[in-house]
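Heads up, the chain shows up twice below as structure tokens, two forms, tagged structure 1 and structure 2.
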Structure 1
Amino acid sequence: MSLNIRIASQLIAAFIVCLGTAGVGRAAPPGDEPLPRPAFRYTGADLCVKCHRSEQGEWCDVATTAAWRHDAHSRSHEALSSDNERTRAMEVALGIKAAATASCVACHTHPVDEPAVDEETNVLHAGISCETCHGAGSGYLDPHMQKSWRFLSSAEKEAFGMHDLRNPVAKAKNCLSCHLGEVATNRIITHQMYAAGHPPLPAFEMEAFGAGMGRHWKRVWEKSPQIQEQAAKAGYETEGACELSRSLVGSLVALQESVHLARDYAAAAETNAKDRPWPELAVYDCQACHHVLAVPSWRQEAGYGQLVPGRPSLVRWPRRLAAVAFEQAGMATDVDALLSPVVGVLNSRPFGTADGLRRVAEDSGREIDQAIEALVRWRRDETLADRERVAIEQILASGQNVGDFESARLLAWGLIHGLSSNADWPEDVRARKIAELTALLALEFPTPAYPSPPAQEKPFWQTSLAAAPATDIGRVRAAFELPSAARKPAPTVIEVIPTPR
């Protein structure tokens, strides 16, 4: 009883804190304003490890710690050390100290300028650890060990500082804040940093990357019926129905965030041109410029859409999968049309203007939210296989005229999620297709998924465009062919029209 009162009082306190800081994280004014301070303190991964290291029962039943130790995130802080050869070269080229540079620290570990960081807990030496994603632990450390915790809704848990990573939108935003960039939290990788040697950020698909880092969680639908029931009561249906639907949501969030990144950067440039000079090339599509000049040229073949040839576009890779997502949401939204105001600004001069991008970038939001809402409503019922099959066919069709490699990779990851769970095609056909795409588009991850032992060390960035067979888009397109004939007979819900003889 006293415990429940304690939780309740903490809840109330947390809500008050939340109200006080509402909106700060989203729309922080860029420039000289201090970064938003989290309401909670990092307690350090050491405390998490005490419980999440072995079989402890349903809610922490994966050997999380062991999985995380395999995870490249656990070593991300090593990149801040000058002992690292690449880091040293970058430090020399840029005239900086990585460990003392806010934008390096922002993604490679917890930010150092937070007064709440406790030296003793070794937070700085744990890379991207539990709390980076799940939220600073001081508020929820005790409460989440209580039995009643599982009955709280995600909003209630958020009040304690724990983020809801089952929600695909929240998770995508969380991952993309580093894997794409986020101005408000200083998670900015600049073109200068890339040029000095930072590996390129490849197309990001949260479910594949999640599996690639070594999954240390279970889906609600993989847990026991009893837990599923409890989760349903707590409102965890937002998790989505399958990896594919989450992947589609992720592409929409990535599309949105890529535009927001440009918008926020443009706003920052307008108020603080000294620290945030315009244009920052890192908010544009890497492959717009960085492609080998070859004959024949896949870049030439891909065309320019509404862009004036030779003008850099914003990040392109989310667009094709997002187009599938809109179709799946039953919307007629054309991604090119959605982004045409942005393209208009980009055509007005190479890289566009800060003022223009800042003003036009907001228009896409409503339709994207609407599509996400529809996709999150997918349920694990008898309609799921049908939905998946249609999405798979759409991805295959899109892949057969894909123009660039990063877009192809995102489509391929989406396709693989679909084929992994959908049994409409024979298992050997699916396995072959998955293997083919994985090899062709360098989709495998260097860190073997737990519980496989760490094999040869391959740098993470080799899963990027550098490793893709960068000239033969024709082969990539061909790999998206999966004849419907190979499909098993359609289930009875679909009326089969007999072929006329």
Structure 2
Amino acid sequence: MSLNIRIASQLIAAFIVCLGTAGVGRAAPPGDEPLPRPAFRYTGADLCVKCHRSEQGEWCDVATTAAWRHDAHSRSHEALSSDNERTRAMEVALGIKAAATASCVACHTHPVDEPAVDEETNVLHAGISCETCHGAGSGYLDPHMQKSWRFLSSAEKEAFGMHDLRNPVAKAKNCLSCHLGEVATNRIITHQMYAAGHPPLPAFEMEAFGAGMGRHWKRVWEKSPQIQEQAAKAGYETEGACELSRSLVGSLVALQESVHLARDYAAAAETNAKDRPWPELAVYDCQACHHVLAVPSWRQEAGYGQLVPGRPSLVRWPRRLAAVAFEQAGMATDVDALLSPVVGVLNSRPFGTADGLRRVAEDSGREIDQAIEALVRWRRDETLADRERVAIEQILASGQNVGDFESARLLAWGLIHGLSSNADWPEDVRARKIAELTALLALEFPTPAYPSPPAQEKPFWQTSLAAAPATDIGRVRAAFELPSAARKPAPTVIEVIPTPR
């Protein structure tokens, strides 16, 4: 059967599924409202593993599961077991069973409609699965085995149910649904869960976390020259221009999603106050309340961004790198001013009101989308090094005035991505700076990413938690100093297409 015929037949099948004939999987666990049913059926990771456990030729020349089996995601389901001491304590405190609570299952294992893993192997685990991130596979399982699949557009692949994770915006939203939270899929960590012992979520930067977990894919420019030539002729692109460009896009998406999280929770609280009581303290900046009391303090020095002192804000860590992203997009956007409608609601009453936050949370979206539109136009061409250098210098300037640990980490990760690929500074200077920031801000992930007993390495969240209160913000600011770049070409002018208002 030709690919075009397959496309037609699969789209018809997808339409039928959307009308309500999705396959029956496991029932949603009790404890929360059921998760949304997928438009396509889940096929199960065992089918993915049958092919991706072995070499797939020049396009997929590294065995995917060789990396995936060491990824923390593949074994995240182990956190749901009552054999886990921390989980058992949380279950007692909250009166739940983690494996039977939808909000726990939603982030720690594969979708409830996906076939269960009956027997784990050295390459197949029951944690977050292939389809959790790439989409339910019933539509694309057969077509994606054909060579012509590689050169379909992202929109064509999405029509088969495959998530477009080559798109840095889609990828960031996919990751942040767990690493920040998402109401629609029940991926919500509550203040009760934190109080009962759930580890706090650190600031999330998708490129650093992806590298820390161990990439199980290759980008086009990392493949053989022959494959790169084929890809160029077909107009095939992957994941933006470079790590730094994706990091900047990710910071804007995180900023936007932090507002959406508050908005969506507020809307849920208005319609379902029993299960979504207002306010939910976990959607705000933890350090607004949980910080060392000192006078003078870094918080007083950093200022409050129009917020009444003492009022909790939405999460702060995406804001400084997002400000650099706006600069790189050619936009003179003040992030605090952008969030002023939300700040106004929080100023009128601590934590705001559900109705107030729901009404004002959309105001920031237009400018963020416009900045993202400019940044995704970065290309791997002769202008890239200049773009990177200018962004690096902007990050350095921001870091020298940073006021908190988590914002500094996001800036540092972005800076490291830029310094790793940009040769405007001597190699030894860049290496020393990367090592200094990595040690000072506890940026290093354990290896392997999921250290199992009897491994002595602590998980990343634990090293993060220990580093935060011990950090000297003065030393952090000093670490964002570098000598001037060796060459200083004129900065690239980025054309920004105004968004109609």
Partner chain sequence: MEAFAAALVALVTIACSAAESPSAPCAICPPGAVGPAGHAAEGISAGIYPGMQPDPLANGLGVSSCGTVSCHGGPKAGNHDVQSFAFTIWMNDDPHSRAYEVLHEPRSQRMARLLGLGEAHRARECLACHSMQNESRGPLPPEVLADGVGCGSCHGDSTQWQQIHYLPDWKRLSIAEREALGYRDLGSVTTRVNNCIPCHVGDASQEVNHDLIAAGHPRLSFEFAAYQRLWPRHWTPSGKVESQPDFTARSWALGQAATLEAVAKLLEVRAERATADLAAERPHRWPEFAEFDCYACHKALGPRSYTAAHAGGFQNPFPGQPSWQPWYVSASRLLDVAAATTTVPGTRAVGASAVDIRRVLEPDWSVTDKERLDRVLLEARGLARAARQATRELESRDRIVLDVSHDRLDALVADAPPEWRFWDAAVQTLLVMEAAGGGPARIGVWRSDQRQAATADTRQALEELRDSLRFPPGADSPQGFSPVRFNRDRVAVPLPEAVRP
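We call the rigid core the largest set of C-alpha positions that still match within 1.5 Å between the two forms. Numbering for residues begins at 1 and runs along the sequence of structure 1. The shown structure was predicted, so the numbers you read here are calculated from the model rather than taken from an experiment.
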Structure corresponding to the form predicted alone: 2
Large Cα shift (2 Å or above) at residue 378 between structure 1 and structure 2, core-fitted: no
Displaced residue check between structure 1 and structure 2: residue 334, CA, 2 Å or over, core reference: no
Core-superposed comparison between structure 1 and structure 2, residue 296 Cα displacement 2 Å or beyond: yes
Displacement in Å of the C-alpha of residue 227 between structure 1 and structure 2, rigid core kept as reference: 3.8
